[in-house]
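Next up: just one chain, as structure tokens, the form predicted on its own.
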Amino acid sequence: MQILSVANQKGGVAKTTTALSLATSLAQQGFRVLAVDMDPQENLSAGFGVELEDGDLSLFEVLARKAKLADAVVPVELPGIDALSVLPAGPRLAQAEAELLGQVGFDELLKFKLAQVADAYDYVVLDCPPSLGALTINALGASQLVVVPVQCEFFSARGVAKLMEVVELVQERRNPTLQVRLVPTLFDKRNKISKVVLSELVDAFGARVSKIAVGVDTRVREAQVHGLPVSIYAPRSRASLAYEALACEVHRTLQTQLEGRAHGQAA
């Protein structure tokens, strides 16, 4: 099972759209995928058309009330997809930040929970909250790869530095094999600022910047209104094709990492 986080503490950078689209695209390729909504705003859950009712389990109960992760998973029914599920955030998830900080080994709780379902999924996609708190730290500690959507505008790019500091701290203390992929989003090729920001990202982060830039596409907003991933609502749209390519890039990156670990163990 390969685990990837989608994280950025800045809102409005297409973070949830990226998580939603990556999970859907990987499932369309035939992989068994679990999408985990770690944002108390519950946008990922809504994007898959999942709404909790009274008494339903969520990520909050899994992390803070010792519920079994498998019992909180909800299958997603989308055309052409056989094995996609979501673990909803739940309305009380914001409380988990404070509760987790009081637990011994809080930063490895999600990793422990996901290990219990390792045989059930090929990929887990974690949609992190727009913060650098306990939930995001848990996600980074559990992941092999963190995908960082970066809006191609000045202030968004500046905020990446703080997230990278946190990523490097997690790499140093908990997860030395964690890889980073920065994904330019909301890119407008007609806008000079977008091109300048993209160039600066490549200069600063080199190969860690994805070769795929996700452009501005009104079909994404239309898909949100209909409660569908854009790759289902408008499969030939610019955004859908970009996320499909990004999913392939992510798969190659994680497979290369996996093969490298296997080779190292064999040696």
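Counting begins at 1, following the sequence as shown. Please read all numbers here as calculations on a predicted model, not as lab measurements.
What follows is about the form predicted together with a small molecule, which we do not show.
Enquirer: If contact means any heavy atom within 4.5 Å, which of 212-220, 26-34, 49-57, 198-206 contacts the small molecule in the model of the complex?
Expert: Going by heavy atoms within 4.5 Å, the stretch is 212-220.
Enquirer: If you check in the model of the complex, is Val160 within 4.5 Å of the small molecule, heavy atoms only?
Expert: No, Val160 sits far enough from the small molecule in the model of the complex that none of its heavy atoms falls within 4.5 Å.
Enquirer: Using heavy atoms and a 4.5 Å limit, would one call Lys10 a contact residue for the small molecule in the model of the complex?
Expert: Yes - in the model of the complex, heavy atoms of Lys10 and the small molecule come within 4.5 Å of each other.
Enquirer: Heavy atom to heavy atom, is Ala14 within 4.5 Å of the small molecule in the model of the complex?
Expert: It does: once the small molecule is placed as it appears in the model of the complex, Ala14 has a heavy atom within 4.5 Å of it.
Enquirer: Applying a 4.5 Å heavy atom distance criterion, does Ser237 contact the small molecule in the model of the complex?
Expert: Contact check for Ser237: no, nothing within 4.5 Å of the small molecule in the model of the complex.
Enquirer: Can you work out which of Leu114, Leu186, Leu182, Leu178 has a heavy atom no more than 4.5 Å from the small molecule in the model of the complex?
Expert: Contact residue from the list: Leu186.
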